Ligand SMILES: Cc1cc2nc3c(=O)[nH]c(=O)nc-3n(C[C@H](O)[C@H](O)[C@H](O)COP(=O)(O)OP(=O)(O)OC[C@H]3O[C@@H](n4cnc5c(N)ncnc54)[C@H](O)[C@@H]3O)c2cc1C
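In structure tokens, one chain follows: the form predicted alone.
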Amino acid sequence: MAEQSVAVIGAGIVGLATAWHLHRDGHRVVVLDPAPEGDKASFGNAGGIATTEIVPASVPGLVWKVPRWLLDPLGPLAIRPAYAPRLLPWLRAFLAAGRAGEVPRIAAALAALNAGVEADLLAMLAATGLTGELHRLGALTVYASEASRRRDAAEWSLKRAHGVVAEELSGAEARALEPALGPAVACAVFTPQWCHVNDPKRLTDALREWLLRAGVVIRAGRVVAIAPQGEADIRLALEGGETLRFGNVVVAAGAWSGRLARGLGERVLLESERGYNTTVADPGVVLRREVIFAERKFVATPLSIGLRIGGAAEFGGLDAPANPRRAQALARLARIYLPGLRTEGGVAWAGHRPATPDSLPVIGPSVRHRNVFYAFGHGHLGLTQAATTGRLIADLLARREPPIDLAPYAIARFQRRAGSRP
């Protein structure tokens, strides 16, 4: 492959959106993935375009909730005991990110990234003929008690400070918007800026097919090592022994990206936050928009293929088998709020979300290698931030000044912490 071409490692939504921007800039792009059409987090996400989600996962006081969540078999968090020792460095950094002084900084960085999402996503969807995949109906965050909503008041205030519209509703007003909700909903917050897509798998598949028709090469291949040889000469070693040469490389391999970055000598704290969902083709209830269940930390989204009930965070590494009981637990929880819900015939799914401890993705150049770029670690916001991430990477390759400061997302932030306690 000629030196001026670009390899994008990863055929999830972030990798494909990056390939689209690079192709539009005139690069010859090759997308490499062990299974380009295979199952990945881009297929099984909840389908939300969550531009309003700017508060990091770690916030002050969260540490006191974790033991209760871990003891609850239906709780939103699980850590596999055998994996806990390996998770400790990530957990220490996660708790540090939740300090009172850190949360506003992280929220500002997420807000800056999300500010470009609508324009970037709409442009990509329009250019690829996929505008009809998007529904702009807002989202409803529901609470089982007014006390719970008051406990989240600081987070809603922080969101409003960054331009998020958040309308407080009573339980009756929430049911007027979504009649399927039952009496367990005491109050809610409506965020009209939220969107959702018809089906994240269909969207990802359609974008991949568009790229193929446009001449982007998408091929199966597991990259096991990246070996820069000098300026505009990077060797990629594939499983099986094949070697390819490129001028630039973008690492967008989701939860697997950390292994490649570490192979380049760059420290990164990245974990698989495994998520679960159940999609019910005939749920017996109708929702118009995505509903977020605040206390239990899960969502229900009306997709074209059925009602998807998803959430949970399980830390057990990339190699541990999935636990289907987690998906079943979410379906049982949903009945508390949606009393007419039928879950028979639901299809369970599990996938690896790439999670950083500070909830910020890794976007930007390698510290050590001029022609290697990173685009991973989006956690729950991969679908949301994919088009904007692709635009920023294309700006960097073209030596254009990005519209936002990329320092908060740089992989260098993990190098700075290497010798200090988080």
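Since the model is a prediction, treat every value here as computed from it, not as a measurement. Start at 1 and count along the sequence shown; that's the residue number.
A second form of this protein, the form predicted in complex with this ligand, is not displayed here; the remarks below concern that form.
*Asks:* Counting any non-hydrogen atom inside 4.5 Å, which residue from Ala139, Ile234, Val223, Ile106 sits next to this ligand in the predicted complex?
*Replies:* Flagged contact: Val223.
*Asks:* So which of Ala253, Val291, Leu307, Val249 reaches within 4.5 angstroms of this ligand in the predicted complex, heavy atom to heavy atom?
*Replies:* Contact check passes for Ala253.
*Asks:* Give a yes or no for Ala11: in the predicted complex, does one of its heavy atoms lie within 4.5 Å of a heavy atom belonging to this ligand?
*Replies:* Yes, Ala11 is a contact residue.
*Asks:* Contact with this ligand in the predicted complex for Pro283, defined as at least one heavy atom pair within 4.5 Å: yes or no?
*Replies:* No, Pro283 sits far enough from this ligand in the predicted complex that none of its heavy atoms falls within 4.5 Å.
*Asks:* Is Pro365 near this ligand? Define near as a heavy atom within 4.5 Å, in the predicted complex.
*Replies:* Judged by the heavy-atom cut-off of 4.5 Å, Pro365 is well away from this ligand in the predicted complex.
*Asks:* Residue-level question: is Gly390 within 4.5 Å of this ligand in the predicted complex, judged on heavy atoms?
*Replies:* Outside the cut-off, so no.
*Asks:* Can you tell me which of 130 to 138, 214 to 222, 261 to 269, 107 to 115 lies within 4.5 Å of this ligand in the predicted complex, counting heavy atoms only?
*Replies:* The contacting stretch here is 214 to 222.
*Asks:* Verify the flagged residues Lys40, Gly275 and Arg353 against this ligand in the predicted complex: is each one within 4.5 Å by a non-hydrogen atom?
*Replies:* Per the other structure, all of Lys40, Gly275 and Arg353 touch this ligand.
*Asks:* Select from 361 to 386 the residues with a non-hydrogen atom within 4.5 Å of this ligand in the predicted complex and write them out in sequence order.
*Replies:* Going through 361 to 386 in order - heavy atoms within 4.5 Å of this ligand in the predicted complex - the hits are His378, Gly379, His380, Leu381, Gly382, Leu383, Thr384.
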